[in-house]
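Next up: just one chain, as structure tokens, the form predicted alone.
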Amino acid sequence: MTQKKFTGTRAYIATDDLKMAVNASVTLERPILIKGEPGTGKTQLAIEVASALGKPLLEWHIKSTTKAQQGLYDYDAVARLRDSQLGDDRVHDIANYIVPGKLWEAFESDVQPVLLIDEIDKADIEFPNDLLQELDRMEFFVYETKQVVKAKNRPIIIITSNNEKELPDAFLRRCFFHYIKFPDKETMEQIVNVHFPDLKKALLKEALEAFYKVRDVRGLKKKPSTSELLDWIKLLLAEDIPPEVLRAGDSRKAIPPLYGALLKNEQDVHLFEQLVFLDRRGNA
């Protein structure tokens, strides 16, 4: 049976390169590693791929304390000890205390699932290497119960990274890689139109102009992302800010109204204030 291809969704504007990358990873039966600035839709991609292809979605969100073993299963020794003290008959079967992880759930799915491994770079450097064998063989061994868990259907695996740390070469070799470039104005206009279909063109034009001027300022510690632009536009609409106010919001002359949706630290706000001061002094 031919695999249905990912062509994007009405709610998610995917570039041709991104659609091609997703479909290539499915064809190769390899995980796709997605990198890009925070807020460029890496996590949302997995949700939209599952929706578009009609697949169940399993999400494994990685933290700094997450271990690879947790994706396979956990053995709840504390619960077993408690039950033994209470005289519960469940203690005689260790399988009652094996808690399947997201990889186990994906392997046991009767329908090919989409498995999201989100922000893999947050974990310890050895985390990706600890999953190599399981992702290659699509199986793992449960030592406590002496059983082998094999994938009924090879999952579509989407792995995201914010580039906080380098990933091991052995892991990278097993992935299809795609970097989501920050959207240009034309693509961003399409994205905004999905979320705000009734937005007036004049306000959209000035909002995008102001937004990209903010991003172009040198020295920003954190450039505003797509999600922050959408939040900002939502506030502009709620406060009924007219387009001409944004037109005056040149990054060299003034901080944009409701800038708290775009600038997220005091260093960047201070940088804008300095630019305003220097511009005014230069024109005095």
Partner chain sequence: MLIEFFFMLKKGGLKPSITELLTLLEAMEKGVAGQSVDDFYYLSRSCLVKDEAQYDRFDKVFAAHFQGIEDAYKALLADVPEEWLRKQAELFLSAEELAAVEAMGGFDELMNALRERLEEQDERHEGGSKWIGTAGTSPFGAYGYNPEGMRIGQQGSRHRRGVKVWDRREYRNLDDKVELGTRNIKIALRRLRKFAREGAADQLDLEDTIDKTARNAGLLDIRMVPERHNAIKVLLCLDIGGSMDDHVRICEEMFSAARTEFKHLEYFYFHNFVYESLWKDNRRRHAEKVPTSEITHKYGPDYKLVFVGDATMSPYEIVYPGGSVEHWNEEPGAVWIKRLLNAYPKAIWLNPEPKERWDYTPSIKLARELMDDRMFPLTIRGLDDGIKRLN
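Positions refer to the first chain, counted from 1. Whichever C-alpha set is largest while still superposing within 1.5 Å between the two forms counts as the rigid core. Since this is a predicted model, take the numbers as computed values, not measurements.
The following text describes the form predicted together with its partner chain, which does not appear among the structures shown.
Trainee: To test your reading of this chain, name the stretch in 122-130, 92-100, 193-201, 107-115 whose heavy atoms come within 4.5 Å of its partner chain in the predicted bound form.
Mentor: Heavy-atom contact with the partner occurs in 122-130.
Trainee: Select from the listed residues Leu28, Leu220, Leu235, Leu57 the one whose heavy atoms reach within 4.5 Å of its partner chain in the predicted bound form.
Mentor: Checked against the cut-off, the match is Leu28.
Trainee: Identify, from the list Cys175, Ala151, Met188, Leu135, the residue with a heavy atom within 4.5 Å of its partner chain in the predicted bound form.
Mentor: Filtering the options by heavy-atom distance leaves Cys175.
Trainee: Can Lys205 be called a contact residue for its partner chain in the predicted bound form at 4.5 Å between heavy atoms?
Mentor: Taking the distances in the predicted bound form, the answer for Lys205 is no, it never comes within 4.5 Å of its partner chain.
Trainee: How about Leu167 - does it come within 4.5 Å of its partner chain in the predicted bound form, if we only consider non-hydrogen atoms?
Mentor: Heavy-atom contact with its partner chain at 4.5 Å: present for Leu167.
Trainee: Although the partner isn't part of this model, could you tell me whether Asn163 comes within 4.5 Å of its partner chain in the predicted bound form, counting any heavy atom of the residue?
Mentor: Although its partner chain is absent here, Asn163 would touch it in the predicted bound form, with heavy atoms inside 4.5 Å.
Trainee: Do Glu273 and its partner chain come within 4.5 Å of each other in the predicted bound form, heavy atoms counted?
Mentor: So Glu273 does not count as contacting its partner chain.
Trainee: Using the arrangement in the predicted bound form, list in sequence order the residues of 11-39 with any heavy atom within 4.5 angstroms of its partner chain.
Mentor: Heavy-atom contacts to its partner chain in the predicted bound form: Asp16, Asp17, Met20, Ala21, Asn23, Ala24, Thr27, Leu28, Arg30, Lys35.
Trainee: If we fit on the core, is the Cα of Leu28 displaced 2 Å or more between the shown form and the other one?
Mentor: Yes, the C-alpha position differs by at least 2 Å between the shown form and the other one.
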